[in-house]
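Heads up, the chain below is alone and in the form predicted on its own; it's given as structure tokens.
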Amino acid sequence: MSSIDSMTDSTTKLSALRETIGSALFQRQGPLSEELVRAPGRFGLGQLPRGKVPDATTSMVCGYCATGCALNIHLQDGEAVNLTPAVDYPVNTGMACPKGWEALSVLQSSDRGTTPLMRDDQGRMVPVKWDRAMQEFCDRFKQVQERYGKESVAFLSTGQIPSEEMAYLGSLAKFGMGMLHGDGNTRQCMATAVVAYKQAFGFDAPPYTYQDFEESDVIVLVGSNLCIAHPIMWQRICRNPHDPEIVVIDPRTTETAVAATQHLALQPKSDLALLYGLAHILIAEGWIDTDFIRSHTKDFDDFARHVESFTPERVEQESGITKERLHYVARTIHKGKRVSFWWTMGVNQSYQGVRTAQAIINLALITGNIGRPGTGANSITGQCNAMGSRLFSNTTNLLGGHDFQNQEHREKVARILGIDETVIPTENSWSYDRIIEGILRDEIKGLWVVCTNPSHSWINQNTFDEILDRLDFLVVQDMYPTTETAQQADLFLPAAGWGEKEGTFINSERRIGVIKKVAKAPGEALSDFSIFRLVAHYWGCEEMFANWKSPEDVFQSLKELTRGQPCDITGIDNYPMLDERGGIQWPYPEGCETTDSQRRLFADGRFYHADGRARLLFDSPREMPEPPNDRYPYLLLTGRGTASQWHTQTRTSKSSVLRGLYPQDSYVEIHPDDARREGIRPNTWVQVESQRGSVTVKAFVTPTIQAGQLFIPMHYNSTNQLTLAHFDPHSRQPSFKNCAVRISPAHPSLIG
């Protein structure tokens, strides 16, 4: 059988794998069983007395990833006792991944923060009352600003708190406290997609809806292990009735690649050249939509000239993908009537991620695969409210997708919020990496970290921890005082988590969903919203936010701030409307009467640039900043390990169920040939070293990783001791997924 024939002989394999992978997702369809809702602690908060069932049920969206599944929360006397997936929600339709099933149990962790903690003269963290904590917070930050200037204090926030809390934090910090610099941890996952969409479409606008997974006849996944990272989305593919071609572009033979009909195991970071090579073939063969290009895009001729040099021969040399396979993929795209292109961290976390994302967008544009069911250039988001962060956090955008540097936008925001326009910064914040550099250069002396753990997640971890030591004052606001970052804080503020407060999240497909308070926060812990109100009071700027007495008050302001924007949501009345409708995708302007639960953008072919045309953007591929060499001969890749782990494991590690679903010891994947060469046996301890540090992990010998490459999951706290601090020049997103390392059997003194 030829290699081309083997690509087409895939339907049987795909069907079998769909069934196998799908069965692992703890699905539930049909009526609720008494046995499930009374289950003793495995998936819930405890066991009800025998013979009783919950006396009420409410639903809300999950607080882990940006899939945005809805969960039915079963209540007894107003308190959550268990949960099940919502059957009638248009996102997950009765499914939940392991993290969703355990979303409530992690709230009961014994190491939850229950009271503010302040470092005393002996360096110990001691409990204090909120009044003392707020006095310390305001006095110390004001002292820093008086000594070094208002811009010497910054904040680092998150994609995991409600939009209303994000808006309050960004407004309080920038309008009330006089900060200029603040960024979110979404810089680590979504900044590339944001910039790519803004430049190409004129606004940060993921165009798709999850229904497209089921409508496509060709699905192209670039740098995405969907089975593991977004298993509910993978289930949507498994329900696709069209027997789609599934093309996976990924160096590793991931779970998703195994289930694909075509897997292009390219060389790492050659994806930009490969995508240009596909465009070259499509244009040369005339497999493009010339009418769409002529009517709805700009700069096609320049783009066509750019990709002329990316011949199949050149792409084969740079990517390792043969010209025959490249041509076969191009023909697959051409033959598809509804082709969707999807990408996630494998593209975003790259030193040339923006141009790679735009190369994907270009393929959709030149083939006319956008704005129709089953099409699109579709970025899959990471955190549960990364989309809310992108619109409402006052970090990369002024509230509502506005621009800090646009006077009309500043006037609009000031008018709606009833504040003096002069308090709104006229320039953009430094990006996350520049804030960290600012600490190193003694330009940032005070830092407020909210719901994120950068001492684990930020690139080149060892240097980061040393940099934090240079601060005069570090405040960490989190659910747990035990995170690596909280352990370094001068002041810890205990925060409520998902399920202990209310607000809204926006998922990957732009759907706004509600979260609710179904459990009490432990001890004296407060919602982030309440903490921000306390800070405003003690700082002396509470009158500026007098109208924001509840999260829904903020939501009403955010609605008005979006008026006239591409993300206009002025037609949404209130939280109950979101609840009743199963979430609502933006845009939903005032007067909108559609009841469609699945809506996509650009059906009319008009984009958000002034001329209504999408831009075809491109650039030459860049050299890898740190390729393997004689001393460090392997290329280290990082990424998600299992569906049961989440980011830095701040929450998932609290669940005994989830801990039982993934290895507790950090491990490295290594090809059998490399293992033999290095004298490494399976499941033995090895040392992996880069120029920045070394870690001791267990060896997992597997042919799913290519020779010359290694893979370590990002969830373990040692992984980012190895990674190189390099960034995409347009988005400033870190490139976590490539650096040069060496590997050897671990010395006995390093084990244990």
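Throughout, we count residues from 1 along the sequence that is shown. Given the structure is predicted, the values throughout are model-derived calculations rather than measurements.
Below, we refer to the form predicted together with a small molecule, which is not included among the displayed structures.
Novice: If the cut-off is 4.5 angstroms on heavy atoms, which of these, 229, 177, 413, 584, is the one near the small molecule in the predicted bound form?
Specialist: The residue in contact is 229.
Novice: Go through 192, 477, 385, 362 and name the one with a heavy atom inside 4.5 Å of the small molecule in the predicted bound form.
Specialist: By the 4.5 Å heavy-atom cutoff, the listed residue in contact is 477.
Novice: How about residue 160 - does it come within 4.5 Å of the small molecule in the predicted bound form, if we only consider non-hydrogen atoms?
Specialist: Yes - in the predicted bound form, heavy atoms of residue 160 and the small molecule come within 4.5 Å of each other.
Novice: Taking heavy atoms only, is residue 686 within 4.5 angstroms of the small molecule in the predicted bound form?
Specialist: Heavy-atom contact with the small molecule at 4.5 Å: absent for residue 686.
Novice: Look up in the predicted bound form whether residue 528 has a non-hydrogen atom within 4.5 angstroms of the small molecule, and give yes or no.
Specialist: The answer is yes: residue 528 has a heavy atom within 4.5 Å of the small molecule.
Novice: With the partner left out here, check for me: in the predicted bound form, does some heavy atom of residue 516 sit within 4.5 Å of the small molecule?
Specialist: Taking the distances in the predicted bound form, the answer for residue 516 is no, it never comes within 4.5 Å of the small molecule.
Novice: Would all three of 106, 216 and 379 be in contact with the small molecule in the predicted bound form, where contact means some heavy atom lies within 4.5 Å?
Specialist: Spot residues vs the small molecule: no contact at all.
Novice: Could you tell me which of 322 to 330, 201 to 209, 219 to 227, 415 to 423 sits within 4.5 Å of the small molecule in the predicted bound form, going by non-hydrogen atoms?
Specialist: After filtering at 4.5 Å, what remains is 219 to 227.
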